[in-house]
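This document opens with one chain alone, in structure tokens, the form predicted alone.
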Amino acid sequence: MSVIDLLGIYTAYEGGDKPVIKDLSLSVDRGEYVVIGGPNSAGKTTLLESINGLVKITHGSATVCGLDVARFADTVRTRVGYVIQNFYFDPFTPFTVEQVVMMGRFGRLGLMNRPARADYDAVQRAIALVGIEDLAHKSIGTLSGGQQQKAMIAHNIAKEPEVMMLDEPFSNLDFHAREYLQGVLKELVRTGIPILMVAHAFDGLPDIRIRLVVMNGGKITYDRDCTAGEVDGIIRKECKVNGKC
């Protein structure tokens, strides 16, 4: 069974009268690196939210990590890492980076249980992997947007997820930081964790097989393997074919 299985799903936001995702089917296996592209309002973010059980699936079926998303959305979210777009901490947020990364363990711990040595070890590994050891004891609200984004990536790695999803994760980062973190994601893929990444900028993609999914109007219009260097050109071509860029 695939890690993610979507079959003919329609999804709509609460109060919305029209579906955002329309008759979409997608299967993702272990160790796949999936880049999701397309124009604004194509449904890319809604697709990630649907997989994570944050948007109601009105028709079709969705299984993630062997669980029916409609019935077990809360459990699905403990097993899926999800780095949302433009996450921001207020300057007065009273948590250090290390504490925020530890919060990624709460799905395994439960809110009332104290972290064990394995939890602290997972947090330290995630912080080291993302390269923010020097920020571990700093208040997260005092950091730059790019540093906060790195902390949230570490937070989700510390979850030890079975799926990692990222929505425009590198928008606040320079090229070198993007390239470094793409290398981190490449290592996750090598361990079998599938990556689903929504992006507009495609420089620094890892030199591995990329599965490119292009969306338009709430549907998938392209779904094939390609190299990192082909991604941008294919997306531009697909957008023009479908009347949007």
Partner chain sequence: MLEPLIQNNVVCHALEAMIFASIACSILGVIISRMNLSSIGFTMSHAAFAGAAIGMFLERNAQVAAVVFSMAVAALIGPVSDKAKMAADATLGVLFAMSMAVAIFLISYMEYMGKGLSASALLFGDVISLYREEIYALAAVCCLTIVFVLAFYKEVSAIMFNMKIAEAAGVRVKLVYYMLLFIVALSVALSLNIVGGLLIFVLLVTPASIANQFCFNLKSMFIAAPLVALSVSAIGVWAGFEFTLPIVPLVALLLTGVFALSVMLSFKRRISKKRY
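Please read all numbers here as calculations on a predicted model, not as lab measurements. Numbering follows the first chain given and starts at 1.
One more form of this protein, predicted in complex with its partner chain, exists but is not displayed; see below.
Contact check for 49, 113 and 159: all three have a heavy atom within 4.5 Å of its partner chain in the predicted bound form. When its partner chain is considered in the predicted bound form, only one residue from 152, 132, 143, 164 comes within 4.5 Å through any heavy atom, namely 152.
Among heavy atoms of residue 124, none comes within 4.5 Å of its partner chain in the predicted bound form. Using a 4.5 angstroms limit between non-hydrogen atoms, residue 172 is distant from its partner chain in the predicted bound form.
Proximity of residue 72 to its partner chain in the predicted bound form falls outside the 4.5 Å heavy atom cutoff. Contact between residue 84 and its partner chain in the predicted bound form is found at the 4.5 Å heavy atom cutoff.
Proximity to its partner chain in the predicted bound form, taken as heavy atoms within 4.5 Å, picks out 49-57 from the listed stretches 211-219, 194-202, 49-57, 26-34. Taking its partner chain as it sits in the predicted bound form, the stretch 192-231 never comes within 4.5 angstroms of it through any non-hydrogen atom.
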